[in-house]
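As a starting point, one isolated chain is supplied in structure tokens, in the form predicted on its own.
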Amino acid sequence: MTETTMDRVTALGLRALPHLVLFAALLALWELAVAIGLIESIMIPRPSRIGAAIWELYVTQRTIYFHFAITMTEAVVGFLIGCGVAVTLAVSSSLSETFKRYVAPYAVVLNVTPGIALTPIIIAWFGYGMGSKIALGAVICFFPIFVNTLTGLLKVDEEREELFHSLGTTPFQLFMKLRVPGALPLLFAGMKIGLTTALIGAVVAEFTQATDGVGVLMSRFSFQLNMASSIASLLSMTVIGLILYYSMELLDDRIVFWRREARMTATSRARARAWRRVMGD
């Protein structure tokens, strides 16, 4: 480990230390409040019991992994479908004012209709399997991606556009080299929202009717008044959400690198090294 890397790790540890201390203090107060009877343990169990439930789900019985994979698959596939449709319609709307005029109202109607209210209808259409969970996730994640992508594509930097025209670029080159890169920050912002809302849609559908998934596991524990295991399942949903969100954050950092000076510098250096190798060959 180089000295620079060690310095970064040390700095990160120092920034995280106050948060860890505060978190430990809150857990200690929570444990004490339940122990002396200020909080009913049947409704809000001790942190130690929740920790034991997590250990049981992940280490002893290992029942969480199958349900974890089912819920994550539903969320990711629903997101991919919803994102694909949203980006396709947004690109088409940005290229054709007529297409936009006819598509946008339906997108707004879909957005103002509570997605959760569609759950019984979607289950009736797609059945009780993974299909209904994927479909609900796709429907719920569609609108933020559509709106952000369309907004980004319609943002026009007149000075840059004039420069491109002066260089004799074709409309296709103008779109791909100017408008698409300009829309990427908003697109990724929409995809971060869409990915987490797709997870919400999948879990809500699991609550309504399903046989597998973290939502089903949480419902079963809640009906049994096993609140420690129910909260452990809830925390597993949080872990899924964090994995999905930071995966998209990583893609954002790698693809839209010019928004961050450190990433832009690193990318420029990497491309310069690659170019020197090519020229050297």
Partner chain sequence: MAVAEEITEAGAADAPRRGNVWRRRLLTHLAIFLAIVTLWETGVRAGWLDELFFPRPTDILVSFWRIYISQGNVWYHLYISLGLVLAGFVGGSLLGVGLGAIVGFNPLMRRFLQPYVIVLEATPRIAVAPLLIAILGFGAQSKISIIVLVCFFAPFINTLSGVVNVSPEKLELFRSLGVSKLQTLRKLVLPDAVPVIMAGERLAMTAALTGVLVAEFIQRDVGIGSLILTYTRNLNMASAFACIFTLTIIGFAIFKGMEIADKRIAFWNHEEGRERLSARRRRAFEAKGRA
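Computed from a predicted model, the values in this text were never measured in an experiment. Residue numbers count along the first chain shown, from 1.
There is another form of the same protein, the form predicted together with its partner chain; it is not shown, and what comes next is about it.
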{"property": "Distance check, residue 203 to its partner chain in the predicted bound form, heavy atom within 4.5 Å", "result": "yes"}
{"property": "Any non-hydrogen atom of residue 172 within 4.5 angstroms of its partner chain in the predicted bound form", "result": "no"}
{"property": "Residue 167: touches its partner chain in the predicted bound form, heavy atom cutoff 4.5 angstroms", "result": "no"}
{"property": "Residue 48: touches its partner chain in the predicted bound form, heavy atom cutoff 4.5 angstroms", "result": "no"}
{"property": "Candidate stretches 102-110, 83-91, 173-181, 147-155, one within 4.5 Å of its partner chain in the predicted bound form by heavy atom", "result": "102-110"}
{"property": "Three-residue site 33, 37 and 70 fully in contact with its partner chain in the predicted bound form at 4.5 Å by heavy atom", "result": "no"}
{"property": "Of 64, 256, 227, 53, the one that lies within 4.5 Å of its partner chain in the predicted bound form (heavy atoms)", "result": "227"}
{"property": "Sequence-ordered list of residues in 111-129 near its partner chain in the predicted bound form, where near means a heavy atom within 4.5 Å", "result": "112, 113, 114, 116, 117, 118, 119, 120, 121, 124, 125"}
